[in-house]
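Only one chain comes next, encoded as structure tokens, the form predicted on its own.
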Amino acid sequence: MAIATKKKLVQWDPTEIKEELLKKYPPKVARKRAKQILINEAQENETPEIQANVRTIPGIITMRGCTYAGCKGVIMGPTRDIVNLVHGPIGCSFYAWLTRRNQTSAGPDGENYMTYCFSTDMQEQDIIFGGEKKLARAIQEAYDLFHPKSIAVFATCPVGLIGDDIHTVTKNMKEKFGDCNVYAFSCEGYKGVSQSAGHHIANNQVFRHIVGENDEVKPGKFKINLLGEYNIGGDGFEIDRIFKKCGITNIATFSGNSTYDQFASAHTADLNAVMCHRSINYVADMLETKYGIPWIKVNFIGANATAKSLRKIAQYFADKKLIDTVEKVIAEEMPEVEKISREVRTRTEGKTAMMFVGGSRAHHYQELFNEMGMKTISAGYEFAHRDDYEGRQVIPDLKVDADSRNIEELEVEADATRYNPRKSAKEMAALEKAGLKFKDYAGLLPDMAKDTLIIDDLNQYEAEKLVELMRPDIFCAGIKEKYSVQKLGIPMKQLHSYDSGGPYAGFKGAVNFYHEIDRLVNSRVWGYMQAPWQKNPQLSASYNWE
């Protein structure tokens, strides 16, 4: 039983924590939120059910992003040689301007448009009379200035409300140019429950307009696509370094440090390795259906997870030389990682963490904390679906609601000439029997300890209440909650854009993360943090005439 104080529950009980979080809500709101706050009590083969991918309750300050943010900011933003043109007011375009710290290398062609912000800057007159002509002029201007391979147009909320036909405009401009692929994304911010809808829309249009455009066979014996890796803080650079060392050719990254040609050539790979399941599983499924490329789930966050993922890739190709090379690379990389881990662990063992991050990061980063001897006591996603928590086995039972019907489902069939199963049915069965699982993701819940709290769509109030009651040693989330958590005296680490850190992927990334978390959780400065209202709870004032 927990010992209650005004400040916190010293020996916290998950049931009491949940009750405290719900106490302030009106009864109807509390009933709904209760379904999104789960105490992990999985037993044997049963997984508890959580409500996810539902709209945030009006009045609650969510930490989510919008559909436009998921499409433009997450999926297409890290692509360096596609001009991303935002059709809408300039305020929406701020998010289009490197706010996520996606790093890139311009390559030999020097094409890199990520440092630019392209917008039609819609004004009141455009909202009243329509913005299609202005959009066409903006596309023409971008083409004249840069002559890019591709121009992508993104709709913001006003565009959907006034009915601008962005798809006809882009189609006409593509036909006019001839050498520039122009297409549009109907990713109005209000269109879905969260940014997850934007991921789906982006996946569909990339697959429809770009994938399969280049049939050139790229060099390399072991060719893969890395899906759901966005090169935050240079993660993709570190993963590519490891691939190159192992002799694995990464045809396309979706979409960190990516290029138009990578997307166009993705169908020539022999295996898809999926990092962020939520943001990219749609493309993985469509590549398999149309071209015969199977996919496996991987995780390059954490040294042990990286080693495991490399072994899975080598197992798939079933080449002894590759298997031996992977083992050699792991043997070369791990001693430094283990040395730093042992040193840091003396200071981090037994400390606690909370993680509320998008995509799969709240799951993946537990690998790194485990390597430091730290326990994750609460976690959740901003925009997950139930399968991200409970595993893909629940997908057949998911009900399609009105929000999900907003998102187009592409009808994909096997390509008449290019469908080519990379492995025979017999080979696939043998690999599965040996333990390699395809199209499989077990989700977050199985890796969370019993009685830990899993919370979907955590909001500002609940975040502060959780910190007050459970006092974790570190809280990991995004920029919106960073400063409010720090004012409560708890170190806060951004895992959306890494603050100024990274990379944290791969072997060298693990070392970077160990040092960063060690510095944060063992700094004494947080104990001295006090907000002004904590020092002087009662503010007084006087009128100037007194």
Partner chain sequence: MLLRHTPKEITERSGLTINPAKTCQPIGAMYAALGIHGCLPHSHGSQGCCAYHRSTLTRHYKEPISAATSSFTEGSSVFGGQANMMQAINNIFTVYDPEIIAAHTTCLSETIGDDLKQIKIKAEMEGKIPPGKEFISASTPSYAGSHVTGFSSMVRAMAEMAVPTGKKNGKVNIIPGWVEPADMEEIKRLANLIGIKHILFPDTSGVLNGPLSGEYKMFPDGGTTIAELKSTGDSIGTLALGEWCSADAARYLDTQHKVPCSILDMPFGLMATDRFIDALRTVAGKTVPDEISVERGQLVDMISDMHQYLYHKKVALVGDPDQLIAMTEFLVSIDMQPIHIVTGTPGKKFEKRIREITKDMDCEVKVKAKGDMFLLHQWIKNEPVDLIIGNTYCKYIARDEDLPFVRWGFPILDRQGHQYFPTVGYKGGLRLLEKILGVLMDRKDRDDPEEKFELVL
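Positions refer to the first chain, counted from 1. Computed from a prediction, not measured in an experiment: that's the story for all the values here.
The same protein also has a form predicted together with its partner chain, omitted here; what follows describes it.
> On the criterion of a non-hydrogen atom at 4.5 angstroms or closer, are Gly59, Pro89 and Cys117 all touching its partner chain in the predicted complex?
Every residue of the spot touches its partner chain in the predicted complex.
> By the heavy atom within 4.5 Å rule, which residue out of Leu161, Ala442, Ile323, Ala430 makes contact with its partner chain in the predicted complex?
Contact residue from the list: Leu161.
> Only one of Thr168, Asn112, Asn420, Gln393 comes within 4.5 Å of its partner chain in the predicted complex by heavy atoms, so just point that one out.
That would be Asn112.
> Have a look at 461-469, 239-247, 173-181, 259-267 and name the one stretch with heavy atoms inside 4.5 Å of its partner chain in the predicted complex.
This holds for exactly one stretch, 461-469.
> Just checking whether Glu124 would be counted as a contact of its partner chain in the predicted complex - the rule being heavy atoms within 4.5 angstroms.
Within the cut-off, so yes.
> In the predicted complex, is there a heavy atom of its partner chain that lies within 4.5 Å of any heavy atom of Gly107, even though the partner is absent here?
Contact with its partner chain, yes.
> Does the 4.5 Å heavy atom contact test between Pro48 and its partner chain in the predicted complex come out positive?
Flag for Pro48 set to no.
> Residue-level contact is defined here as any heavy atom of the residue lying within 4.5 Å of its partner chain in the predicted complex; does Ala34 satisfy this criterion?
No - in the predicted complex, heavy atoms of Ala34 and its partner chain never come within 4.5 Å of each other.
> Given a 4.5 Å distance limit between heavy atoms, list every residue of 182-196 close to its partner chain in the predicted complex, or none if there are none.
The stretch 182-196, when checked against its partner chain in the predicted complex, contributes Gly189, Tyr190, Lys191, Val193, Ser194 at the 4.5 Å heavy-atom cut-off.
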